[in-house]
Structure formats: C-alpha cells, structure tokens
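Shown next as structure tokens: one chain only, the form predicted alone.
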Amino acid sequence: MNTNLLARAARGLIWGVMTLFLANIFLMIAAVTTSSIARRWLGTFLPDGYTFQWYLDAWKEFQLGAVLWVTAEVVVAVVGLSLLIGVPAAYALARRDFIGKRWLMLLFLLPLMVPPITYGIPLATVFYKLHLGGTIYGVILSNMVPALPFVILVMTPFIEQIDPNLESAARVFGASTRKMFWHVLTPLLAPGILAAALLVLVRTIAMFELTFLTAGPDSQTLVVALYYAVFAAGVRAPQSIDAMAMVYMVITLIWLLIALQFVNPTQLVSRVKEQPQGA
C-alpha cells in the first residue's frame, strides 16, 4: 500500500514539475510574442494596441537583411563542407576496423560533449593570429568543429545498416569506388544525409559561443546580432528587440520541425557488432 502511494506521489511530482516547466516556457514565449506586436505595454495585463511596425523597425535598425544573408552563407558553407568531408569519413569508420578506432570515435564526441566556450577561446586566439578572426571564414571553420563530428556520428549508423554485399555486387559488375558510392550508396543514404544536413543547419543557426568569439561586425549571424541588440550600448525599444527575437525563434523552429520529419531516432543508434574471437 505504501509502495503504491509513493509511486503515485512520485508520478504526480514528475508530472507537476513537467507541467510547471512547460507552462513557464509557454508564458515566456507568449510574453515575447505579445511584446513584439504591442503598440504600448506599460503596467497593464494586455497592451493598449497592436502593430507589426516593430518588425519593420527591427529590420531597418538591426540590418536584419544583411544579418540573415550572412547567416545563410555560414549555414550553407558549414552544412556543405561537413557533408562533403563527414560522409566519406563515416563510411571509412563504418566499413573499416583498425587500431584506435574507439579512441577516434571518442575524439569525435569531445566537441559535442564539451561546452563550446572551453575550446572556443583558444580556437579564437589561434584564428586571430592567423588573421581569420573577425571574418566569415573564421566563423565557418569554427562552426565546423562541432558540425563535422556530428555528421560523422549521425551517418555512421546509417552506413552500418546497409548490406556490404550491395557494394560487392556493384564492384563485381565493374563499378569503380566513385560510381559505387554515387549510384549505390548515395540513394540509400539520402534520408540520413538529409537528416544530418538539417540537424547541422539547426545547430549552426543556434551556435552562439563559437560564432560570437570569431565573428566581426560584418560576419555576425542572427543569434550574435540578437545578443548585441540586447546588450550593446544605446537605448532601444524593447518591442523591436522582441521582434528580432521572434524572427530568430521562428526560423529556428521551422527548420527544427522540418528536421524532425526526416530523423528516425532508431537509425541514430549504431548496431552492436559481434566481436570475433581473439579480437
């Protein structure tokens, strides 16, 4: 009897905490959304009126057009380079066993497990010495540090789930490595490549620390520009800042929802391989 009561109390506590957390998130988003379209909101439960003028003001004041263009350039470059390098690297890891493979996989995990600020500061120091700091090239390279291992770790299970006999059959019929990879593996890996690309896209849009440390005035992405809009010197209307925050949130949320349509969590878990005796 006491066990049942404790179990019910624990479930009730968990549901209560989850409900409180979700309610806080919902109310916070609702407050920012309302503020971004409020004509005036001082000391009242609801604003005096509503307008979308703050979005136009934010677009002009914070130069959102240029910021969004830089963000798009960084995202496309990071996603493209990460896939170009990461997919072949994942194939090599999935199809080859070699000494130190587990340590190499652990090395790929480090940029994803360690807070970016811990390696972002020395990385930015090196970039500034190489005259890459403050440029869009530095922003792209710094964002690739976590993006490339992420692509490798996502794609490796997808490749492991493909029967190697298909590759052997293609080679029997005279296909070269390039043709086999392009005509046999790529169509089968398309869902995984798309999932990895979309997830890297969302991570790059949301990556603040590495971008902040390596970006300059002309290479800021949306999340860094939002930070400067909030904390930079000068007086700014809070409604225009909230409008900018809404633009960032909507863009990130849309791409995240698109990514979730193509991500199968069961494919992100590597199959457990049987180790041969004596290995």
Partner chain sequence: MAAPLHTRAAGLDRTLFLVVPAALFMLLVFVYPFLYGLMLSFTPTEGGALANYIKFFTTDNLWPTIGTTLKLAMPATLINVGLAIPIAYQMRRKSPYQKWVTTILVVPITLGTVLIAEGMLTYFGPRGWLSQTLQFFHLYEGPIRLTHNYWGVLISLIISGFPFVFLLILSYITGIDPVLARAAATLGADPWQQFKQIYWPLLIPGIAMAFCLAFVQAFSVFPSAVLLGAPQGPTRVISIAAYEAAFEQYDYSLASAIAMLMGFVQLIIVAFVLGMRRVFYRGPVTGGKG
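By rigid core we mean the largest C-alpha set that fits within 1.5 Å across both forms. Positions refer to the first chain, counted from 1. Note that this is a predicted model, so its numbers are computed, not measured.
Below: the form predicted together with the partner chain, not depicted.
Only one of 70, 38, 64, 213 lies close to the partner chain in the predicted bound form, with a heavy atom inside 4.5 Å, and it is 213. Shown without its partner, this chain lists 76, 169, 190, 114 as candidates; in the predicted bound form, only 114 has a non-hydrogen atom within 4.5 angstroms of the partner chain. Contact with the partner chain in the predicted bound form, defined as a heavy atom within 4.5 Å, is made by none of 103, 182 and 258. Although the partner is absent here, residue 53 lies well away from the partner chain in the predicted bound form, with no heavy atom inside 4.5 Å.
Residue 123 belongs to the set of residues with a heavy atom inside 4.5 Å of the partner chain in the predicted bound form. Remark: residue 80 does not count among the residues lining the partner chain in the predicted bound form, judged by a heavy atom distance of 4.5 Å or less. Using a 4.5 angstroms threshold between heavy atoms, residue 59 stays clear of the partner chain in the predicted bound form. Taking the partner chain as it sits in the predicted bound form, the stretch 137-163 comes within 4.5 angstroms of it through a non-hydrogen atom at 141, 144, 145, 148, 149, 152, 157, 160, 161. Core-superposed comparison between this form and the one not shown: the Cα of residue 25 travels less than 2 Å.
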